[in-house]
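Next up is one chain by itself, shown in structure tokens, the form predicted alone.
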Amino acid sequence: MSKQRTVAVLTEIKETSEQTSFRSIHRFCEELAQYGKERGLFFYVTSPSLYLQRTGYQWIDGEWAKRDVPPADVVYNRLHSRQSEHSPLFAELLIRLAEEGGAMFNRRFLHKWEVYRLFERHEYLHPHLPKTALWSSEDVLESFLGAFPSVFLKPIHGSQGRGIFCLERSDGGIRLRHSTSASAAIYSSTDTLASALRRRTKLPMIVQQGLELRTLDGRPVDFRLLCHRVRNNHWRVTSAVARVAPPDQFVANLARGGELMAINAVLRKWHTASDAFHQKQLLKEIAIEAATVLAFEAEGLYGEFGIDLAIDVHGQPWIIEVNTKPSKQTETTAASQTVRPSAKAIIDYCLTLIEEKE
């Protein structure tokens, strides 16, 4: 009798006597379990400590039941904490998984500077990369502020739009805004600005060229394209949405109050139907190229990326950043669907990995 194919999701689990929660991906895990069952998989959700105890949660009759589980053929890493990925428990899990012949994808977070350097190796992506440097000295800041009307300062390990500064040249000096504050400050020189930033930031950070983006009612817009790996190392776009920044904000992340909109609706406000179609196709092509490059260049196995793009006032698309643990809040399930396309894509990729090994 052949062994049943087994897939596990690794994430943080909140356990109480009343309930078990997989936090922001709880509903997504139900969809993975439902579609995994349809595809004949033994599917469960676990954490690093539970996996080492051979324990996990299985979806049975509409409820998550804690039980003994077999080793996984494939583990989909959805840990949300970089600290967890550097813990002794996680290192022990990787050793166990390797000994048992299992595979893990999206093994670790990729940080912003690392992603930029990997993209930089591919000349055809250069037209879509904002100029970026590691913030190593005041000279770097001065150089960027001399070259561009606005500049962003971002923590390389940041997420959800947290800890980002926007620096803009003005008649009175340099205007500084923060992504989590409505207030702004003016600094008379780069030296005083850099000194203030040093007190408010934790290194390392990147300095990035500011872009004059297309807006809706004066609010910046970006696009999240969710990409999944399929057979033969090809990638496809599974979902695409637009995110509109709140009034007087410069980031469009949902965690910072951004508004989710259909990508077609946004593009049609700017373009004819034909041009909107071609612009969307171009965004998809750039996202797939970006995912393909990262999967080829980055160490480890990756099966999912959230690629954030934006379009400037001249119609030029730009790669803003990449998320290796993309939010599941940007993707909704249509009324006729019980399982969203990205859940199906994850299970299908797990099956591909298992079949390639068999």
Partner chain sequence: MTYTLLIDDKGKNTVTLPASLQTSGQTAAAFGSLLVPCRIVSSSALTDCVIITSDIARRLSIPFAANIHVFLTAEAVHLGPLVGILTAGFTKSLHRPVGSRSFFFAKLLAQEKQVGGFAFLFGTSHIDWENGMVNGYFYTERGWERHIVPLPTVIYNRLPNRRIENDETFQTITETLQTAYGIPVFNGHFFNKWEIYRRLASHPEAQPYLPTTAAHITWQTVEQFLARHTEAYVKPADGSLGRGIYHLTKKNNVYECRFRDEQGETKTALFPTAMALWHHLLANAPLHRYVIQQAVPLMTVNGRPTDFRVHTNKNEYGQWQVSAIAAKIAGRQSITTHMNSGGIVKTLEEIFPDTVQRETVLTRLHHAALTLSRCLDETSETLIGEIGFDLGVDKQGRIWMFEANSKPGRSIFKHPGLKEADERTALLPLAYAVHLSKTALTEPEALWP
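Numbering follows the first chain given and starts at 1. These figures come from a predicted structure and were not determined experimentally.
Unshown form predicted together with its partner chain; subsequent notes refer to it.
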message = Residue-level contact is defined here as any heavy atom of the residue lying within 4.5 Å of its partner chain in the predicted complex; does residue 146 satisfy this criterion?
response = no
task = Spell out, yes or no, whether the shortest heavy atom distance between residue 277 and its partner chain in the predicted complex is within 4.5 Å.
result = yes
query = Taking heavy atoms only, is residue 230 within 4.5 angstroms of its partner chain in the predicted complex?
reply = no
ask   = With the partner left out of view, is residue 297 within 4.5 angstroms of its partner chain in the predicted complex by any non-hydrogen atom?
value = yes
query = Though its partner chain is not shown, can you say which of 101, 172, 127, 218 has a heavy atom within 4.5 Å of it in the predicted complex?
reply = 127
inquiry  = Looking at 191, 248, 285, 212 here, can you tell me which has any non-hydrogen atom within 4.5 angstroms of its partner chain in the predicted complex?
reply    = 285
task = Please determine, with the chain shown alone, which of 156-164, 80-88, 260-268, 128-136 has non-hydrogen atoms within 4.5 Å of its partner chain in the predicted complex.
result = 128-136
ask   = Counting only heavy atoms, which residues in 341-358 are within 4.5 Å of its partner chain in the predicted complex?
value = 355, 356, 358
